[in-house]
Structures are given as structure tokens and as C-alpha cells.
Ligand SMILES: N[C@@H](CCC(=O)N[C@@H](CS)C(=O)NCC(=O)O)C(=O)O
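Only one chain is included here, represented as C-alpha cells and corresponding to the form predicted on its own.
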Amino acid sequence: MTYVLHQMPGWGSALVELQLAWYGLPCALIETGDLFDSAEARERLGKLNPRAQIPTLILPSGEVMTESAAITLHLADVTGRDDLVPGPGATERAAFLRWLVFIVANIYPCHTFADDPSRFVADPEAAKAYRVRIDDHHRTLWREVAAVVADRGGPWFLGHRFSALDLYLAVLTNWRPGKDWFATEAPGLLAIGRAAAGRPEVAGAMKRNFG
């Protein structure tokens, strides 16, 4: 009953690796190789996930799952636990679902589109301008999240309740716009990310991904 996670250290697969570690689920890690630079790596992963993106998770049944938010909800279901995903009757449920989807539908794509703008904009000069606009939008989105989290006034994203959103911050605050930007513009989010990263359940996975 082992999960198989196709991953690269420090990439989006870390979002799922941390949750597997939290739940104590057995998992084999398969490094994909650099999916930006290696056509071979893309072709190999593409046999499982046509988008050739990670996380790509193989369930114990052999079924392929992609999309970190879907995996987040699925793992809570199969473990029967509500420590990372508030249950249907929890007061934090609506906010959790709203911000989980907000992160994966709005913030995460800023990395998808800006990591290698040439995939979407052929002209090099236009690609540079495109990258600047995405990065500006990215920072605006994080400021919106920071304001909402600050209003909740708790030590975690949802206030006083820990959730998978805190693990998302543990990962995403290591990415653009960078820790210096978070420290200045969104120190509350950085503090949450650091606190979540230090939880003993995920400390080993964090070290493997981010040193």
C-alpha cells in the first residue's frame, strides 16, 4: 500500500510530500529530472501525466493523481483525518476551501507562466515584459492573502487552527518573490511558513526539499 510520488526537491511536489509525511503514509520518491531542460524527462513523465508536471502521485491502487489541491482533499478522505483539512462541519471549512483553490488557481500559475516565459511568448523582449507583469501580479496576490490572514489574528493561516494551508506556506515562501520580499511585505505569511516547516512531522521532508 505504498504511494509513489514523482518529484523534484524544492518543486511543487514538496506540497504533497509534506502531507504524505504528516500522515505517515508510506511513499516511494522518484526523481523526474529537470522537466524544463530535459525532453527525455518530460517524455518519461508524460506517459503518466500528459502535462508532464509534478506533483504526479501514483495511488496504491495504481491510479494516477495530479493537482495538489485534489491530492490534498483525497489524502484527508482516505486517512479519515481532519487535522489538515477541516471536515464538512467545521467552521473553518469554507475558508479552507476558498483559499486552497485561490492558491492553486491564482498564485501557483504565476510560477507556471513565469518560470519559463518563452513557452508562452515567442519574442524574447515581449517575454521579458510578460515576466515583469506576472511578477507584479504575483506580489499583488500575496498582499491580498497576507491582509486576510492578518485579519484572522491567529498563529496559522486559518487563525487558531493548523491546516494544509500552513504547509503550502512552508513551501511557497521558499519561492518567488523570495524570503526577503516576504519578510518585508508579508512577514506574517513568512512566520507561518517557518513555523509549519518546523513541525516535527514534516521537518525531514522540508530539509530534503529545501536544505
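Don't overthink the numbering: it's just position in the shown sequence, from 1. Being a predicted model, the structure only gives us computed values, none of them experimental.
As for the form predicted together with this ligand, it is not shown, yet the points below apply to it.
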Query raised in the report: So which of Leu97, Val104, Val121, Val78 gets a non-hydrogen atom within 4.5 Å of this ligand in the model of the complex?
Result: Val104
Query raised in the report: Quick one: of Cys27, Ile54, Val149, Ala186, which gets a non-hydrogen atom within 4.5 angstroms of this ligand in the model of the complex?
Result: Ile54
Query raised in the report: Counting only heavy atoms and a 4.5 Å cutoff, which of 178 to 186, 31 to 39, 154 to 162, 138 to 146 contacts this ligand in the model of the complex?
Result: 31 to 39
Requested in this report: May I ask you to state whether Trp22 is within 4.5 Å of this ligand in the model of the complex, using heavy atom distances?
Outcome: no
**Report entry** Non-hydrogen atom contact Gly12 with this ligand in the model of the complex at 4.5 angstroms
**Finding:** yes
**Report entry** Partner contact for Asn174 in the model of the complex: this ligand, 4.5 angstroms, heavy atom
**Finding:** no
Query raised in the report: Quick one: which residues from 135 to 154 get a non-hydrogen atom within 4.5 Å of this ligand in the model of the complex?
Result: none
